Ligand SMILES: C[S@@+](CC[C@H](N)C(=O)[O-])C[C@H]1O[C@@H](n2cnc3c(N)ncnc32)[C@H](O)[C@@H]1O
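Take a look at this single chain, the form predicted alone, given in structure tokens.
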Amino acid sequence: MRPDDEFFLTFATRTPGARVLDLGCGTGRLSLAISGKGCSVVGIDPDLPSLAAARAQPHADHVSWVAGDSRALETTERFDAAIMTSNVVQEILDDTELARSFADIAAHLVGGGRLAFDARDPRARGWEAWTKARSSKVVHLPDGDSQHWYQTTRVDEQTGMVDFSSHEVTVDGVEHISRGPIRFRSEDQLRAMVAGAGLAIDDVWGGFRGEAVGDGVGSLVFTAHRP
């Protein structure tokens, strides 16, 4: 298991039988792992193909899957822990929308309920490594190898907006390209948003093993709680 998966799995399952929100759950890999530890999990994602893939996985009926964003939560629903993984906060481009997401999470946490999320630290300038030469990797599949890489196409350091493309050359030689912007925000910006949602910040690390900011993997890993 990857270090980030281990971190979020441990965080979410610290309390036996916890009620856990996985906001931006994607295809549900981590939601299902948390459920497998005896927790009650709600996985939310706006991407319908990803949710369809999640629902098709073994034991998917043990998780409640919801299409949408933080506004899709039931008014009375409460959680002991919430996670936002895989840099999902960077896919929420609008500051107002991200601030609202944090506020929605806070409103649905019990007193003492905890939040963890990660984002890439803009000071690490990770987008500079998103070239074919530096990011290319080969994935070995049963029927052959596929190639993957990222390519940065535009950077606006004032706003933190980065446009990039994701490339996959399949086993049969067909190249698939997906494009989309993400947004890099500083530690101070994220701290202000989390605090503005009424959450108390516990820790900010630079990686998933408790490294200091700047000494880890170029990440900002936040944990916070509802007082």
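These figures come from a predicted structure and were not determined experimentally. Numbers for residues come from their place in the sequence shown, where the first is 1.
Another form exists, predicted together with the named molecule; not displayed. Remarks below refer to it.
Trainee: Only one of these stretches, 133-141, 84-92, 152-160, 103-111, has heavy atoms within 4.5 Å of the named molecule in the model of the complex; which one is it?
Mentor: Heavy atoms within 4.5 Å of the named molecule in the model of the complex occur in 84-92.
Trainee: With the named molecule left out of view, choose which of 29, 167, 62, 37 has a non-hydrogen atom within 4.5 angstroms of it in the model of the complex.
Mentor: The residue in contact is 29.
Trainee: Under a 4.5 angstroms heavy atom criterion, identify the one residue in 145, 74, 97, 128 near the named molecule in the model of the complex.
Mentor: Only one listed residue qualifies here, and that residue is 97.
Trainee: Find out whether any non-hydrogen atom of residue 24 is located within 4.5 angstroms of the named molecule in the model of the complex, and reply yes or no.
Mentor: The answer is yes: residue 24 has a heavy atom within 4.5 Å of the named molecule.
Trainee: Would you please decide whether residue 46 lies within 4.5 angstroms of the named molecule in the model of the complex, comparing each non-hydrogen atom pair?
Mentor: Residue 46: yes, in contact with the named molecule in the model of the complex.
Trainee: Heavy atoms within 4.5 Å of the named molecule in the model of the complex: does residue 187 have any?
Mentor: No, residue 187 stays farther than 4.5 Å from the named molecule in the model of the complex.
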